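One chain is shown next in structure tokens, namely the form predicted alone.
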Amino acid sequence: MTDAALATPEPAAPERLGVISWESGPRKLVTVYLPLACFVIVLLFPFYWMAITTFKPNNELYNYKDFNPLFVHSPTLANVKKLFFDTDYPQWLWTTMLIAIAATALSIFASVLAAYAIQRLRFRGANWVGLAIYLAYLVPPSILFIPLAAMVVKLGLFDSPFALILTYPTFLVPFCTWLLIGYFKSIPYELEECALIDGASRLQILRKITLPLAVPGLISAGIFAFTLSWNEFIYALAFIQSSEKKTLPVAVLTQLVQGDDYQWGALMAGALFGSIPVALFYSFFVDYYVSSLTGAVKE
């Protein structure tokens, strides 16, 4: 057989490839793109509904016979103006941001120390301590806020943002600690052993070796802590009484719902603008968040 004969392809392959590509197209559409499209629609439809309700006048909100409820026919900024100028919404937003950042920073600091001690110091019963910390996260806040309320009153922190800053870590620290324990476990022990041989202290190892390698895990824990602090409702409702000191989830509900009068335009505007900071927070750190879910340091 000559070299030219060997180089000539067999003729039956294109027909078979055509059948495979024709079958894989509909199969991929049904198994991948259709479920993904349904998931995106279900996930984003509430945000779309908030957006169109924010810019709808009242005559469109309650008149579905003459106006399509899925579209805005005559956009208006009256609801946005009412929210920002007739209520204390900017103050609510600032208070919520301050409480969420302070509670997140305090929780991450405590969680780093707890997770490092449990995972790296290897003391007896460390695994059971880690399990107990995670089980503490499973206790419902509706049960914890009763004894916490008595402590807040005795400490003179009632109706103060410090009441939330100091009570939010009760459910943030257990979850962040459990998350960081798993991430610290993926960092090779050999790095710390080499540093110990060179004379580094545990604090230096934590600050110069472990934490720089655990940045994705720290950001992932920070995202969860910030989101939980931002959306928390029970503690904010129980410990804050003044309207100007309320957090966003509580204030929007209590101040824009008066008896049977639901101010839907302003309510949806408050929910829409209140979700933007969290969305921006996720978008800035999405790469670190994905890396913390897909893996950590490779040996």
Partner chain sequence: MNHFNRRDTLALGVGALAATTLGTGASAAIPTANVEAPKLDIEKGASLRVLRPTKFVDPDETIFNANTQSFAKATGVQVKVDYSAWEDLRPQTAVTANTGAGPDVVLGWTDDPHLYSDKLVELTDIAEYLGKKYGGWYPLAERYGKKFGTNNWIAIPFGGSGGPSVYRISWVKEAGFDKFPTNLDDFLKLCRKLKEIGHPAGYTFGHATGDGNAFCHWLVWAHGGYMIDENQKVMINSKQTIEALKYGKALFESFIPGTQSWLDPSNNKALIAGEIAATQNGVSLYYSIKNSSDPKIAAMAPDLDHARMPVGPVGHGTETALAINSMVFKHTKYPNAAKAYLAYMMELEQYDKWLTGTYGYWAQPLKAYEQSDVWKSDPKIAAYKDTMKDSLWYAFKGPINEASAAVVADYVMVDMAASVATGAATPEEAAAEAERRAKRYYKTG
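Residue numbers count along the first chain shown, from 1. Note that the structure is predicted; figures quoted are calculated from it, not measured.
Beyond what is shown, the protein has a form predicted in complex with the partner chain; the following relates to that form.
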Task: Proximity to the partner chain in the predicted complex (heavy atom, within 4.5 Å), stretch among 105-113, 189-197, 126-134, 154-162 - done: 154-162
Open item on the list: Can you tell me if Gln241 lies within 4.5 angstroms of the partner chain in the predicted complex, counting non-hydrogen atoms only?
Closed with: yes
TODO: Classify Val139 as contacting or not contacting the partner chain in the predicted complex by the rule of any non-hydrogen atom within 4.5 angstroms, answering yes or no.
DONE: no
- [ ] Using the partner position in the predicted complex, report whether Lys246 sits within 4.5 Å of the partner chain, counting heavy atoms only.
- [x] yes
TODO: Look up in the predicted complex whether Phe233 has a non-hydrogen atom within 4.5 angstroms of the partner chain, and give yes or no.
DONE: yes
TODO: Only one of Ile146, Leu203, Leu121, Leu77 comes within 4.5 Å of the partner chain in the predicted complex by heavy atoms, so just point that one out.
DONE: Ile146
